[in-house]
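Presented below, as structure tokens, is a lone chain in the form predicted alone.
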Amino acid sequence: MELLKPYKLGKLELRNRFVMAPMTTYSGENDFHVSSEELLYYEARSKSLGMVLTAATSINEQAQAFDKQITLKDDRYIPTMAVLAKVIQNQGAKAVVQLHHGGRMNVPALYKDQSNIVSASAIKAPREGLATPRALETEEVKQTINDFVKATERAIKAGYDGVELHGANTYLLQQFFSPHSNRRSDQYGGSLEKRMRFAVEMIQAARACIEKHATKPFVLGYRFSPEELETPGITISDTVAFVKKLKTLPLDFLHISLGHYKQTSMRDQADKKPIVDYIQEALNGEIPLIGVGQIETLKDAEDALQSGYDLLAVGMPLIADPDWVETIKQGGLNKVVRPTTLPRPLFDRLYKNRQWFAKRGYTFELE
């Protein structure tokens, strides 16, 4: 079975094509170190995957978007993040840390000084409960790029096998690419090409850091969302142009964020062409693409592979079943979420939103 054969990603060899999707746990310690509950959570889910992407990991003091979010914002977090990397690797999976900055999506209650909620421009996100951000000055943009690079260096020192730059799901990197959130007039805003510049410079600087500091194979990836509903907002044509640029950069993989692996356009309901088709036409097989979105059964996984993805990221099925790969190999599927297999803050948050998950067939078992 192709899905279960080893796969070469950059200079890494993965034992199969299954990846744990980067899912926020809200379960770190109060001082943002990795908690013992999180270590158990990752350990249980790393046994049969090729690669694990960690929860979004903040890169500086302005980056924190969630309560109890793990971080690599300074050197004192290297030791506990190193424990997390080793826990994943000891189970046979490669450990890749997702580096993140929430930008204008940061929860305001986390910041005593609201001027630390920053973005490309001072444009509030069209969601309730968020603050109007402060636009980063040009020199602050450069410093933020450097903060991502320093976090990359810390990930290397912590023993990870790679980093993924989180450019999706409305967070800071996407905010620079989006014409809705980026109304800048300097070199980081305006034209489509200038809106790409923040990500382009970050990727180039992160690769230079890897070349300088990594002593073992270490991959660099970029996650992106293909569209926004806002007007103006990111369109598929914008993303196709961006992907064509990204594939020329020193990246080892791209990771698309979709609600379903065969998702079509949200902006144009008449367009029935799967977004993955647009992306793979732009990529032309030149760089591996991770797909995600309601891959729950072995049939789904095989179909997703045939649809044009090289690696498959899995989220909610792994939340419910730490042994998901082995379960689907036997033709089974477990959709019962149990508190005994999750950090308690994560379980409580999921349970609070159980009606949404019920639409996909998931149920929750209480103690």
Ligand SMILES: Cc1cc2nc3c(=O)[nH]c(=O)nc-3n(C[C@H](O)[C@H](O)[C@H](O)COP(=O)(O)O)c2cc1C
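These figures come from a predicted structure and were not determined experimentally. The first residue of the sequence shown is number 1, and the count goes up from there.
One more form of this protein exists, namely the form predicted together with this ligand; it is left out here, but the text below deals with it.
In the predicted complex, this ligand sits within 4.5 Å of a heavy atom belonging to Q294. The shortest heavy atom separation between P339 and this ligand in the predicted complex exceeds 4.5 Å. Interface residue remark: L350 is counted as part of the site for this ligand in the predicted complex, having a heavy atom within 4.5 Å. Although the partner is absent here, A301 is not a contact residue: none of its heavy atoms lies within 4.5 angstroms of this ligand in the predicted complex. Here the chain stands alone, but in the predicted complex its contact with this ligand, taken as any heavy atom within 4.5 Å, falls in 314 to 322 among 301 to 309, 44 to 52, 327 to 335, 314 to 322. Against this ligand in the predicted complex, the set S35, Y111 and P343 makes no contact: no member has a heavy atom within 4.5 Å. Checking T71, N182, Q174, Q98 against this ligand in the predicted complex, a heavy atom within 4.5 Å turns up for just one residue: Q98. Among L258, V141, I290, C209, the residue placing a heavy atom within 4.5 Å of this ligand in the predicted complex is L258. Contacts between stretch 221 to 252 and this ligand, counted in the predicted complex as any heavy atom lying within 4.5 Å, involve R223 alone.
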